[in-house]
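The form predicted alone is given below as one chain in structure tokens.
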Amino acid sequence: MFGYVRPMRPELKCKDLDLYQATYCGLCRCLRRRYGLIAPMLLNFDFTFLALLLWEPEERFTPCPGRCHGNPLRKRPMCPDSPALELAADESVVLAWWKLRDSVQDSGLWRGLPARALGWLLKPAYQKAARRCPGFDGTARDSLAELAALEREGCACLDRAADPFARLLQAAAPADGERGRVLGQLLYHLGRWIYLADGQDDLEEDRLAGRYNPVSARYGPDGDKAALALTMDHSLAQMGAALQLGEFGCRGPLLENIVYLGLPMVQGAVLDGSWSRMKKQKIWGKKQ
């Protein structure tokens, strides 16, 4: 969907890189098993991060060999199916569906044809995923409807504009107990941060298309990178504080790399315009 949530590769230990890739590949396989051949197209780094968060802290990293969806002749180490992977897979399908619906409404008849076609292909998978996580499905529907209303209004308040998507992502984790509160705080500010990063990334494209953009609505057509960086740094700080309150077991160092190093790296790339190049790179490629 977005792909902004990624680790800083040069600072990863080998064991943490292996864990990340096994989680990524395990989520791909889980999507394929639960929702068919088209579902792995929805795979992204953001939901890999969600899967890492959702794992119970006492659960150890125990990869198993599995065949790659992109190259069936090749075997890769993958995390076996688990409740964390299954929930991340279900929620990625639900969010993809509602984002496609939103794209269709924003793009008009002809420009929206690709999103309509993909939505038609994805509909059976969405219906199955919505039955498995009805609470998240309802929150996604309501939050994106609220966001669409704010966009039509031309909302110039960043906090109001970002809040629906932040609450949507917050709903991706169970809300019960101390762990639920920690995950909720972390995911809320991650959703806010993603929304603002996406707004900055789409600033020029939205201006040319005459679409609403939260950054231009607040700061004008050219934006204000310094002011935006301050408010995005606030969300990064809140995520970091929440991370320190939680227990994440063997996945803790990898999550710390993503929150403390990866997200600031991506933020800098979005603000300086180098994100379009960085987002094409694989985490486990030779170059970062």
Partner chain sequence: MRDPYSVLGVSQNASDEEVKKAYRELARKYHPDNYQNNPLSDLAEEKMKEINEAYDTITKQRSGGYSRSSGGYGGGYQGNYSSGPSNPIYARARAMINAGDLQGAERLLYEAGQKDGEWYFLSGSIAYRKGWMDEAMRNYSIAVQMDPGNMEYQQALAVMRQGRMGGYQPAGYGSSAQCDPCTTYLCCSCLTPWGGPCC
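A quick note: this is a predicted structure, and the numbers were derived from the prediction, not measured. Residue numbers count along the first chain shown, from 1.
Same protein, other form: the form predicted in complex with the partner chain, not shown, and the subject of what follows.
- Residue in contact with the partner chain in the model of the complex (any heavy atom within 4.5 Å), chosen from 103, 139, 82, 185: 185.
- The contact residue chosen from 117, 209, 157, 145 relative to the partner chain in the model of the complex is 157, the criterion being a non-hydrogen atom within 4.5 angstroms.
- From the list 188-196, 123-131, 88-96, 71-79, the contact stretch for the partner chain in the model of the complex under a 4.5 Å heavy atom rule is 188-196.
- Site residues 37, 59 and 62 are none of them in contact with the partner chain in the model of the complex, judged by any heavy atom within 4.5 Å.
- For the chain shown alone, residue 163 is a contact residue for the partner chain in the model of the complex, at least one non-hydrogen atom being within 4.5 angstroms.
- Proximity of residue 273 to the partner chain in the model of the complex: non-hydrogen atoms within 4.5 Å are absent; the residue sits far from the partner.
- Taking the partner from elsewhere, residue 54 is found to have every heavy atom lying beyond 4.5 Å of the partner chain in the model of the complex.
- Interface residue remark: residue 219 is counted as part of the site for the partner chain in the model of the complex, having a heavy atom within 4.5 Å.
- Annotation for 227-259: interface residues with the partner chain in the model of the complex are 230, 231, 233, 234, 236, 237, 238, 241, 242, 244, 245, 247, 253, 256, 257 [heavy atom within 4.5 Å].
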